[in-house]
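Shown next as C-alpha cells: one chain only, the form predicted on its own.
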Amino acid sequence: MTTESDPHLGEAVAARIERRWATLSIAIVGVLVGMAIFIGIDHATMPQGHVETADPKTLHLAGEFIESNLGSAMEADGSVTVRAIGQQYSFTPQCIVVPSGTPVTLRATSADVVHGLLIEGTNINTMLVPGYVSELPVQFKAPGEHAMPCQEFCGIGHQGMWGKVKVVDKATFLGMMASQRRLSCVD
C-alpha cells in the first residue's frame, strides 16, 4: 500500500516521527535540568575547599590588611603580593605598582559593602565581599597603566570609585622596593 492510495498512512508516519523527536527533545531538556539541579545542590552543600575570612570591623586595626601592610610587597620567592581594601567609595591603595613579567598575587577584601574589582585589559574581575578575602593570581606581560573601576554598584558615590594599576619593568620595581617596604603610586 502506498501513500498515494492511502493519504492517512503518510500522516500517521509523520505524526509518529514528530512524537519521537518531541520525546527526545523533552528527554534532553529533562537531563539538562536534572544536571543543573544536581550541580546547584552539590555546590550549595559543598563549600569551597579554602575560604579565608577577615573581620571587616577590625581590618584597619590588626592583621594582614592594616594600612602599613597595604600595597605591593616582594616575597622571598621573587613573586609580588598586593594587598588592597575596597570601601565606599575608594580603593586603598588607590594606585598599585607591580612589575611586568612577575607572578603577582592580588589579595583584597571589603570593609563595608560588596564591591567589584576589575582590572581593565586583564582577566581580573572579582567581587570583594565584606568578611571574605579574594585572592587572584595575575602576571602582567608589559609595562603600562590599567584602570581599576569598581564594577559592582556600592552606593551613590559608586561612579567615582576608581583605582589604577601601574605596571613597571622589573628593574624599576626593584629600585623602588630598595627605598620602601610597601609600594603604591599614590602621590
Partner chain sequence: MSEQKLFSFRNPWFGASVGVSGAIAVLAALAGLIWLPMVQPDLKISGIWDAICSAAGVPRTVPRSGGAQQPDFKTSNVVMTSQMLTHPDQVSIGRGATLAQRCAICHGPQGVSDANSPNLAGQYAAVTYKELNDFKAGARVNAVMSPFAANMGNRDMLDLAAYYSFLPRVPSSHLNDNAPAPQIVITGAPMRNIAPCGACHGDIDIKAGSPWLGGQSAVYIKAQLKAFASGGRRNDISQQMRNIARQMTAEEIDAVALYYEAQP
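The model shown is predicted, which means the values in this text are computed figures rather than measured ones. The term rigid core refers to the maximal set of C-alpha atoms that superpose within 1.5 Å between the two forms. Numbering follows the first chain given and starts at 1.
The form predicted in complex with its partner chain is left out here; the points below concern that form.
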Its partner chain contact in the model of the complex: G160, any heavy atom under 4.5 Å: yes
Look up in the model of the complex whether T102 has a non-hydrogen atom within 4.5 angstroms of its partner chain, and give yes or no. no
Given that its partner chain is not shown alongside this chain, does E120 nevertheless sit within 4.5 Å of it in the model of the complex, heavy atom to heavy atom? no
Taking its partner chain as it sits in the model of the complex, is V98 near enough to touch it, meaning that at least one heavy atom pair lies within 4.5 angstroms? no
Residue by residue through 91-112, tell me which have a non-hydrogen atom within 4.5 angstroms of its partner chain in the model of the complex. F91, T92, Q94, R107, D112
After superposing the rigid core, is the C-alpha displacement of T172 2 Å or more between this form and the one not shown? no
